[in-house]
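Quick heads-up: it's one chain on its own, the form predicted on its own, in structure tokens.
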């Protein structure tokens, strides 16, 4: 049986406890052997976001996932052509790790717009997809293709935008992020 790896892509600007709790749930309840936090250097749908440098965001993810053997912080997309499209990342992962089965993890908000992604049919042809719930987006599970599942994941309403804005406003939101991530935000003055 090939190792089943969940690919959870994002800018993680910053990674927060909602990301971690969701990833923990998917590993423990959805049969993933590992989950890779794929830190993306450029999200085509977030062109106007001001991002911390790639390696600063990777450092925060690495700090957050340290100590949990099923999580991995990945800089795989850093060396791919930009912008990094999911279809290209998954093809490169298949080539680099032919013995692994990669499962794409996306939110319901992204799934309802999946037909606007680059080559969505190619993604569907090669990969299973796990669609996690997002507030305000209902997925009719009876209409999902056979390789798409939508488990009843907990809805945790935390966003990176909320954390960045709160830090910018001088608020202490340390319990919304992993303690090591909070240390990095404070010590480097991120989002001020």
Ligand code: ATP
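Small disclaimer: the values here were computed from a predicted structure and weren't measured. Numbering follows the first chain given and starts at 1.
One more form of this protein should be noted, the form predicted together with adenosine-5'-triphosphate (ATP), which is absent from this view; the next part is about it.
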Is every one of 8, 161 and 164 in contact with adenosine-5'-triphosphate (ATP) in the model of the complex, taking contact as a heavy atom within 4.5 Å? yes
Residue within 4.5 Å of adenosine-5'-triphosphate (ATP) in the model of the complex by heavy atom, from 156, 27, 124, 58, is 156
*Is residue 134 close enough to adenosine-5'-triphosphate (ATP) in the model of the complex to count, meaning some heavy atom within 4.5 Å?*
yes
ask   = With the partner left out of view, is residue 12 within 4.5 angstroms of adenosine-5'-triphosphate (ATP) in the model of the complex by any non-hydrogen atom?
value = yes
| Taking heavy atoms and a 4.5 Å cut-off, does residue 173 contact adenosine-5'-triphosphate (ATP) in the model of the complex? | no
- Hey, in the model of the complex, does residue 19 get a heavy atom within 4.5 angstroms of adenosine-5'-triphosphate (ATP)? yes
Partner contact check in the model of the complex: of 27-35, 140-148, 126-134, 64-72, the stretch with a heavy atom within 4.5 Å of adenosine-5'-triphosphate (ATP) is 126-134
When adenosine-5'-triphosphate (ATP) is considered in the model of the complex, the residues of 104-123 having a heavy atom within 4.5 Å of it are 109, 110
